[in-house]
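Here's a solo chain for you in structure tokens, the form predicted on its own.
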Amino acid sequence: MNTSNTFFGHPIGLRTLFLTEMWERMSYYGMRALLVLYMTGAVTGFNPGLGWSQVESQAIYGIYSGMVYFMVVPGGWIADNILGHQKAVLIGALIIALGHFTLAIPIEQTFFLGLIFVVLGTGLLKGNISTIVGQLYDGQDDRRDSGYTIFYMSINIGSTLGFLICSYLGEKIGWHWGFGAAGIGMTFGVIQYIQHRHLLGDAGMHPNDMSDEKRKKYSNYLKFSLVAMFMVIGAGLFGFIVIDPRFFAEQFAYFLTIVAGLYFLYLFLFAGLNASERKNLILLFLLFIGAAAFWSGFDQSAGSLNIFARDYTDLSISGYQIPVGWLQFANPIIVVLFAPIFAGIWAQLARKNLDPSLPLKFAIGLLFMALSFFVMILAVNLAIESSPVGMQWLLLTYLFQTWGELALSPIGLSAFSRYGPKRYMGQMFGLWFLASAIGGVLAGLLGGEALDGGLETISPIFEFMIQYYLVIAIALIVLSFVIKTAKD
């Protein structure tokens, strides 16, 4: 093998995608770590923020998080039918950079416009860059799984850079410096993608084959949708439409849930599935609920847990007050340290024919999430007695949440791939991202309720979250004993 034309033994095009994803995740997580802090920051004094309420700010954060993943679905359709995946990634990266630079403008009116650009750009980039990774390999290439593992590491490297750079600049110098740094990071990603895009070859180069007439019809649909969307956006930015963030977030959560529920119902009743496929679909529906619940807790890291770190946690180390966002280093570091351990545990159990089923692993992830919020309730009670508390409480919370992520997230797509109806596989992956979107919106709504009355209102919300994690986990554990009869 000519190693000069490979990337850690994989197709050289993986390097292009690795660096693009790394810089995109640097910009995404770096900006996200600042978002709620900026919105809730005092309007006077050093580094003034927007001074918005916790309920309003958390709702906006939830809408943003939900929209980022929801837009992956139309972004994939656009790439499949009009642009091709390579061009979609490039256009998406450019729009993301524009969004961050728009956020860097110290004018309140540009704030929502910047978020909209980031959402639209991420919708074009996020799903399609992962699709190109798979297309670098032939159908029987056994390097595909390890290639995705290498690609996944770019997320951890990028998020670490984002927390390090953007949090320091945003909190210690000025919010808009942090947003600008995210834009510069994405610009680095755009430059290297343009320079090395040729290494991708034909992977993701062309959209699906279809007649010119059909492609023109699709293009007209897209143009009409874009015009309508920007008319609505413009009306909102100029004050012709006034939106209550919490009300919108609630309706958006209902919309996403109804869309997902109706599609599962369509598949179950009208998609021509056999009895075994229908039984598997029930499993996927429960996994979908579990995933949405999991991400509603996991995404608290940039919401309610970020505010708890700012307002009720001692962040001093040897007399130096670290940026709030630096606590989120815990997640990527724990992923790097424990991902091989989790993989080794599953492999060792498999050799002994004790490898947990996919539903059981999902349940383990939810139990870790429940445990993390039990830790937070202890921290809240301690803070009520004597604030601030030590940062070890949040670090322990992030440890349990990341263990939950390692037990749940890597096997989520595997579950949808293994149990999903083969004729609808692409749409099943879209449903998986829809679970992340619902979880993101719920994270904002729950975080706003938790922080509405200060420390006193946090524990009841976290207790409620623990309860629904336990209920879903128990359902999955029970199901894990019967699902074996539903496959093959």
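Keep in mind that what you see is a predicted model, and the values were worked out from it rather than measured. Numbering starts at 1 and runs along the sequence shown.
The next section is about a form of this same protein that is not shown, the form predicted in complex with a small molecule.
With respect to the small molecule in the predicted complex, the three residues Phe373, Trp403 and Phe462 uniformly fall beyond 4.5 angstroms at the level of their nearest heavy atom. Of the listed positions (Ile155, Ala104, Leu113, Ile95), a single one reaches within 4.5 angstroms of the small molecule by any non-hydrogen atom in the predicted complex, namely Ile155. Residue in contact with the small molecule in the predicted complex (any heavy atom within 4.5 Å), chosen from Tyr38, Phe433, Tyr419, Tyr424: Phe433. Within this chain, Ser409 lines the site of the small molecule in the predicted complex, having a heavy atom no more than 4.5 Å away. The closest heavy atom approach of Tyr69 to the small molecule in the predicted complex falls within 4.5 Å.
Interface membership of Arg197, defined by any non-hydrogen atom within 4.5 Å of the small molecule in the predicted complex, is ruled out.
In the predicted complex, Phe308 stays away from the small molecule, with no heavy atom inside 4.5 Å. In short, of 24-32, 448-456, 55-63, 42-50 it is 24-32 that has heavy atoms within 4.5 Å of the small molecule in the predicted complex.
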